[in-house]
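Here we start with a single chain on its own, the form predicted alone, put down as structure tokens.
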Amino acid sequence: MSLSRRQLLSGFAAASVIAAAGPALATETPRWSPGLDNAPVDGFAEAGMRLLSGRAPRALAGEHYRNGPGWFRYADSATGHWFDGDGFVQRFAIEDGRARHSGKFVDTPKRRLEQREQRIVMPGFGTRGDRNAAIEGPDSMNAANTSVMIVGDELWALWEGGSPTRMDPRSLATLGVRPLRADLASMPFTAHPKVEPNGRIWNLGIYGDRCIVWRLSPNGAVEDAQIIQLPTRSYVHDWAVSERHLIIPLQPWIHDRMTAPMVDGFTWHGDQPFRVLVLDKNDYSNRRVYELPAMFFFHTGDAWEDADGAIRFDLCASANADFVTHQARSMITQETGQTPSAELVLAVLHADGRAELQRSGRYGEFPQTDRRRQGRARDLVSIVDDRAVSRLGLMNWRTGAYAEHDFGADQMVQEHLFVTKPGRTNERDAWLVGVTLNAREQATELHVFDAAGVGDGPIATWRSPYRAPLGFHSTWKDA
């Protein structure tokens, strides 16, 4: 029996789930938690990581940052959903063939309040919270727990529903919430901004059937912010940008009633299409809506435009929203369950209004592409296998080739990023840099692959002296 990533996530503390995998795992695999709760730890001071195997390329130098929820419970209360834990940002620094790790919780108003009271107070996506909580706006609840990006000299920790939180990229000290503009304070700024090769930043903020479209300079200054009407309400976690268009996928998981927690106000409308809103970057009134069969997604890759005007973008799609409504909750309640895996697909939006899906037959999540090609044609996308928790895959859309590496049954693979080799321009002239959680060793490991030889395994692997929380999303900064 193969233990899928989603099964293992949902059963993180249930020995019965691990035992069900058979003798290869059995009960000798240690129990683990996705966070650092109920421990007197605010983070990890910088420490060296031990080189386990291989040798890092001398030309590889920079910092890999990760963010994700890392604190979920106190003695008498817990969050109601994986998505609501306090943000924990990690820094992996690689230089001269060595690696160092550090990590800190984002010092948000929410975390300060709850640490002081030693209980969950603020509501969240799947957490009811205290009905008497003093909420001044979205940033009162801001967990800063989903993604990170480098903006100028700062590191921004991102959440779905409010402002970025500024951090020092070296010390990981929290510098405070960053309202993007005084008159737009606390407006949503999603955790998946898109950065063009020239450094310009695009992002969305979804609220109901409306959306704010952000355009920022490379240093984070607001160049433009416009509110547009969406053709339907939808849960939008990720989106895509091509050279000339903004692509907003609108799945039929719709927030159609106000209740607490928020997730309970969403309904899956499987009889409705999966719509894709395409906007001209220079004129948002120049728009087109495409339709595809109903499906659910969290993450896209990047988009590009063919010579004939067709727009292509990849995403990881599943049949329904059961993971977010059930299994992401069961990670906290310690129940078990199983939901459908997500398939890597390529959406093709033709200039004549037709839309179709190109299926890969490969299953996974957290798609990553070469970010220096943002909005431009490319072939490769990496994914974390969604049916076998231990595998990293690399898909080539042009050739159909698929390469993968299996880390072994005890490893939980996380997002791996493309890092450009100095002076190179070919897509395959890159490294893939990412992290795994080794459940047997109770340790976090850092890996480097050559993108041209993923199936050959890592060319370098380091291990930290401790286990850090699982993360969601990452970014890379060259030295």
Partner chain sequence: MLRTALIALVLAAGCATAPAQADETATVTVQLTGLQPQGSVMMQVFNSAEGYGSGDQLTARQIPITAASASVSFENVPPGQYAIRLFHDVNGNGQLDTNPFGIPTEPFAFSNNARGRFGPASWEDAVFTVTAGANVHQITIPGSN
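Numbering follows the first chain given and starts at 1. Not measured: the values here are computed from a predicted model.
Beyond what is shown, the protein has a form predicted in complex with the partner chain; the following relates to that form.
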property	result
Stretch in contact in the model of the complex with the partner chain, which is absent here, among 314 to 322, 111 to 119, 380 to 388, 181 to 189 (heavy atoms within 4.5 Å)	181 to 189
Among the candidates Gly137, Pro197, Gly97, Pro231, the residue which, in the model of the complex, approaches the partner chain to within 4.5 Å (heavy atoms)	Gly137
The single option of Tyr402, Tyr284, Tyr74, Tyr207 touching the partner chain in the model of the complex, heavy atom within 4.5 Å	Tyr207
Residues Phe297, Ala355 and Gly393 all lining the partner chain in the model of the complex, heavy atom within 4.5 Å	no
Contact flag, Thr369 vs the partner chain in the model of the complex, heavy atom cut 4.5 Å	no
Partner contact for His255 in the model of the complex: the partner chain, 4.5 angstroms, heavy atom	yes
Partner proximity in the model of the complex: Phe472 to the partner chain, non-hydrogen atom cutoff 4.5 Å	yes
Asp107, heavy atom within 4.5 angstroms of the partner chain in the model of the complex	no
Those residues of 219 to 255 which, in the model of the complex, come within 4.5 Å of the partner chain by heavy atom	Ile227, Tyr235, His237, His255
